[in-house]
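For reference, the chain that follows is the form predicted alone, supplied as structure tokens.
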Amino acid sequence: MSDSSINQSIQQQFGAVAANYTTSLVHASGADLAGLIAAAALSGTERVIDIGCGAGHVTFGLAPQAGELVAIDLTDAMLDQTRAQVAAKGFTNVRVESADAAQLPYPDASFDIAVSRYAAHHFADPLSCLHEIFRVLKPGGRWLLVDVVSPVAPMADTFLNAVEILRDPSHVRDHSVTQWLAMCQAAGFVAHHDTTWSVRLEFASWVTRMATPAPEVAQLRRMLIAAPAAVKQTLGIEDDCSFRIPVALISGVVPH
């Protein structure tokens, strides 16, 4: 699938459900959001870019401590949600713009920190995006990535990505921590795995949030119920088909 077709799929999938992400507890709260904000450790002077800002929860968490924050996303409806909340919260240091992570419309070395949460599994070519993120960061600039990561066990990896795609056709891949570190390093970052959280996905709200069609919801239930024992253990699959995902914080620094 080409980048353009994936981008179209993202816009189609998320355009219709953007408001659901404004109220989603998984996105609006959680230890991973708090961990990302803490890791950013902003001093009030930094120029920050939030890549794939979605409904803006990372932007809202970082804006009070940022000098300037640019929030970008591909989906107009998501940008509208973020703009509305930026206005409601009275942030004057935030710009909300349409942009593609693979072709960032910003000069070299123009940001101090780049962040992304729950967006990178939609990158059609993650290494190209990482090269772009590296390019727009200043020497010594920092990259903070929070995303779902695939389990180490191949069967659980395959299973998780299969259910992700069935729920959301714009999903590309949950990469492993090892894969993210290798790609970050290939893009030029000095990269580290900081921590991994276990995040529970309540099944009904997970599929409702994406407006997954009923036949796919039924298939997801069948898959989760019939999952091999090892996969059930790894993903913590419950009787109601709720399950747990590993969410990692990967950090990178641009060398001086």
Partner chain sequence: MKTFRWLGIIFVAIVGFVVYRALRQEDTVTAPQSNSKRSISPDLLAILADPGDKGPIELVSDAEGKEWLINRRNGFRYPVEDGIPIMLLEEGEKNKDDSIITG
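Numbering follows the first chain given and starts at 1. These figures come from a predicted structure and were not determined experimentally.
There is another form of the same protein, the form predicted together with its partner chain; it is not shown, and what comes next is about it.
Picking from 117-125, 98-106, 144-152, 169-177 the stretch near its partner chain in the model of the complex, with a 4.5 Å limit on heavy atoms, gives 98-106.
This chain lacks the partner; the member of 227, 66, 70, 26 within 4.5 angstroms of its partner chain in the model of the complex by a non-hydrogen atom is 70. Listed residues 137, 184, 79, 163 were compared with its partner chain in the model of the complex; 79 is the one with a heavy atom within 4.5 Å.
Taking the partner from elsewhere, residue 111 is found to have a heavy atom lying within 4.5 Å of its partner chain in the model of the complex. Contact check for residue 57: no non-hydrogen atom falls within 4.5 Å of its partner chain in the model of the complex. Taking the partner from elsewhere, residue 83 is found to have a heavy atom lying within 4.5 Å of its partner chain in the model of the complex.
At a distance threshold of 4.5 angstroms between non-hydrogen atoms, residue 156 is out of contact with its partner chain in the model of the complex. Contacts between 30-50 and its partner chain, taken as any heavy atom within 4.5 Å in the model of the complex, involve only 47.
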